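In the form predicted alone, a lone chain appears below as structure tokens.
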């Protein structure tokens, strides 16, 4: 494994990278929750990535996406998401660190109140981002509104480029081959940490997935390092399973090509867990609310109702059903996002009251 890590590091070092995060993020055992579940449960603390108090998994992707943008002389960067998007906020913060003007097109999945800014949207304003709220019009789906936001972003980028600026487009969630490189690198980081813990090996990794960039990167890292680990990607929103896996596989393969690795990803080992997204994106459920309360009560740690709470709920369900064997070494990859605990009440749900 040590040689595989060194080879991966050598390839990764050839790519432009903006040093934005605090790495490696901590890897620690959740002793009380392990005892409760009868498994050996560890957590990867990507809520500690930085670049400020509100870090998350997107910082790993942005190091490569904005690293290349800086090389290209970018003056502006456009990205997309929901009004409470972690990715949009982290992109705005990273842009500020690099002297790039952030521009955000945010779909109002949960419409914000203009006189009551909360959570990530509040931070976006503090960061001085150029913010465009895109409402979901009558008769439109969320996807329709997102497509409109992409068209608006392309028009704004063209306007800036015509004026002599250099504007880059950062895809929603940072889901691109270059963005996914950040999580291939994260798997090398995890392997180094596990080796330092007496050669610890995980049988399963649970994480939340939205746009698929993190999932693609994890699988790219697994292939590059030849890791024998099952990656369970828990959907935070409804997905067409086959189409989603096709897209993730394509992203994964392209990420490996970007790195220059000859590793070949295995689509048959990719799985998306669709048991927890209901009733919809930015809409909590009883299981995610219970997961939020349990982690807080047992470990003093926080997950959110949009992403990580649902991923943890899937892990808890698998442990309680016996799908995870007793004593098995399992990793929960905390991808951040706890700012959603301070978002609109519709997003938080019954996490505090317990229904």
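Residue numbers count along the first chain shown, from 1. Keep in mind that this is a model prediction, so the values were computed, not measured.
The same protein also has a form predicted together with a small molecule, omitted here; what follows describes it.
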item	value
Interface segment, criterion being heavy atoms within 4.5 Å of the small molecule in the model of the complex, picked from 147-155, 209-217, 134-142, 98-106	209-217
In the model of the complex, residue 64 touching the small molecule (heavy atom, 4.5 Å)	no
Proximity of residue 336 to the small molecule in the model of the complex, heavy atoms at 4.5 Å	yes
Contact test in the model of the complex: residue 86 vs the small molecule, heavy atoms, 4.5 Å	yes
